[in-house]
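Taking the form predicted alone, here's one chain by itself in C-alpha cells.
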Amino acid sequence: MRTPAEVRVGDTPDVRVVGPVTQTDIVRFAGAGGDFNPLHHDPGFVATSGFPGVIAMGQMQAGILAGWLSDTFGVEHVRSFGVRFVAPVFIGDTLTLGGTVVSIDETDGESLATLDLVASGDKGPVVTGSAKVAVAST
C-alpha cells in the first residue's frame, strides 16, 4: 500500500493532459462498455442530431478523470468519486484533468480530503465532480 499523499487545503496536484481524442479511443471505449449509440460512431446519424460531430461517451471522460485521481492519490485511498457531465467531447479535443483540495476533515480516524474535480476540453469543462481521498495527517 502506498503512503497517503500529503496535501493542504488549496493544493492543486499536477494536471494530466490526454489527447487529442480519436475515433479509435471512442470505438475502444464503446467495445469495453457496450455503448453503441450512433452518436459515438456514425457521422451520418450525428449530422441529423444537431451535434457538429461524433461525441465521446461521458463515461469515457469520467473514467479518464478517475484514472487521474487514482494515479495521483492511490486507488486504495479513494473513498468516494462522483461526476456530472457538463459538455460533449468531440474527436480532436484534448482533455486536461485535475482537482483542488477544498477541505480536510477527520472522519472515523482518517484524514479525508475533499476535492473538486474537473476535466476540461478545448472549450471548457466537460466533466465536473468531487471525491474524497484519505491523506496523511498533518
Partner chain sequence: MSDPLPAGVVDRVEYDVERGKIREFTRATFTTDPVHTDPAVARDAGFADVPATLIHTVVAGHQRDQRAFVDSLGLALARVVVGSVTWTYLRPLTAGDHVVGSRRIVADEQREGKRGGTMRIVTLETEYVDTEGEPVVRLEEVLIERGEQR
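Positions refer to the first chain, counted from 1. Predicted model only: the values in this text are computed from it and were never measured.
Beyond the structure shown, there is the form predicted together with the partner chain, which is absent from this document and is the topic of what follows.
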(request) Indicate whether Thr107 is a 4.5 Å heavy atom neighbour of the partner chain in the predicted bound form. (result) no
(request) State yes or no: in the predicted bound form, is some non-hydrogen atom of Ala66 no more than 4.5 angstroms from a non-hydrogen atom of the partner chain? (result) yes
(request) Spell out, yes or no, whether the shortest heavy atom distance between Thr94 and the partner chain in the predicted bound form is within 4.5 Å. (result) no
(request) Evaluate Ala87 for contact with the partner chain in the predicted bound form, applying a 4.5 angstroms cut-off between non-hydrogen atoms, and reply yes or no. (result) no
(request) Could you tell me which one of Val78, Leu112, Val46, Val101 places a heavy atom within 4.5 Å of the partner chain in the predicted bound form? (result) Val78
